[in-house]
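Quick heads-up: it's one chain on its own, the form predicted on its own, in structure tokens.
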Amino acid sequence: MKVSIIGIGSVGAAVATAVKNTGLVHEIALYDRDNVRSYAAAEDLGHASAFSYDVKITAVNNYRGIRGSDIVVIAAGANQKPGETRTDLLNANAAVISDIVPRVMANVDSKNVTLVIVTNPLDVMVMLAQKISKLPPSRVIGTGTMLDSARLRAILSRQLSVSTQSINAYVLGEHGDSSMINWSSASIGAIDLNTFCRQAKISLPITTRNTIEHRVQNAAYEIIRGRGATWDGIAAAVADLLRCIINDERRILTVSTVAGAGTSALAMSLPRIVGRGGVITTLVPRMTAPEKSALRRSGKIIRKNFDSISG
């Protein structure tokens, strides 16, 4: 299994480390326009491999070096700066994706490769990458709200005093400011959230839920203010997604992939079964009318942003 990572900034380098630590790949190729940076990252990570898994890690100075890749992770592009939203990166990163994807596709097997998109604004970049690559939507996958959902589970774990592993709760829609929490389908173990709260004698009123939603939506901004960028969380999400694909685990992940065609095509996060072939099935959870409305609103924002760069 060969994985190539395009863009070796703070996010791409963290992704490389997380993917290496899965022990599931035999080769990782790192490409960055800055050859010195990619070489240094490959050397550093190669030294680290002596303490764990034996993985061939190489820096490549052109796209020919990614040939033979089963999965290509695109993490290139401008990162959010303090005070910026993901949408502020729209035009700059659309140009980056438009430049990278044709170069990637010229050097991979289009019948087998899977593209994993990390670049923000995530959902729009997934749509653009799928359009340019002409790959089946099932094999152009954005990490979507995997990280947002992990943040939600982490907050709920503290609030409810229960392991994150027992919490099934999803953030849906845009990986961005219009994301929404699917409260009505949340469960703890096999017990719906409201029933769990009654039995555990825990109060989770609407005001608390609104606060949690605000914290989830603003988590990235808080981290960026404190350390300049986010990288550990998203790297872990990418590694988890790759693990699911490589092992054909068929777990349910809130990834972003294109559904529909033409002017109705849209990429946003919903619960999806993911395995060796990429996205296998999209699931539609139970939602209240307000939740459905919030999800539609999120979709409209994504589609509007995509139309602004493609029209």
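The numbering used is simple: start at 1 and walk along the sequence shown. Note that the coordinates shown come from a computational prediction; the quantities given were computed from them, not determined experimentally.
FYI, the form predicted together with a small molecule isn't displayed, but the following is about it.
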{"item": "Sole residue of 248, 43, 34, 54 within 4.5 Å of the small molecule in the predicted complex, by heavy atom", "value": "34"}
{"item": "Position in contact with the small molecule when the complex is considered in the predicted complex, options 234, 73, 241, 172, heavy atoms within 4.5 Å", "value": "234"}
{"item": "Every residue of 149, 196 and 217 near the small molecule in the predicted complex, heavy atom within 4.5 Å", "value": "no"}
{"item": "Contact test in the predicted complex: residue 120 vs the small molecule, heavy atoms, 4.5 Å", "value": "yes"}
{"item": "Residue 19 within 4.5 Å of the small molecule in the predicted complex, heavy atoms", "value": "no"}
{"item": "4.5 Å heavy atom contact, residue 89 to the small molecule in the predicted complex", "value": "yes"}
{"item": "In the predicted complex, residue 114 touching the small molecule (heavy atom, 4.5 Å)", "value": "no"}
{"item": "Which of 258 to 266, 44 to 52, 25 to 33, 279 to 287 sits within 4.5 Å of the small molecule in the predicted complex, heavy atom basis", "value": "25 to 33"}
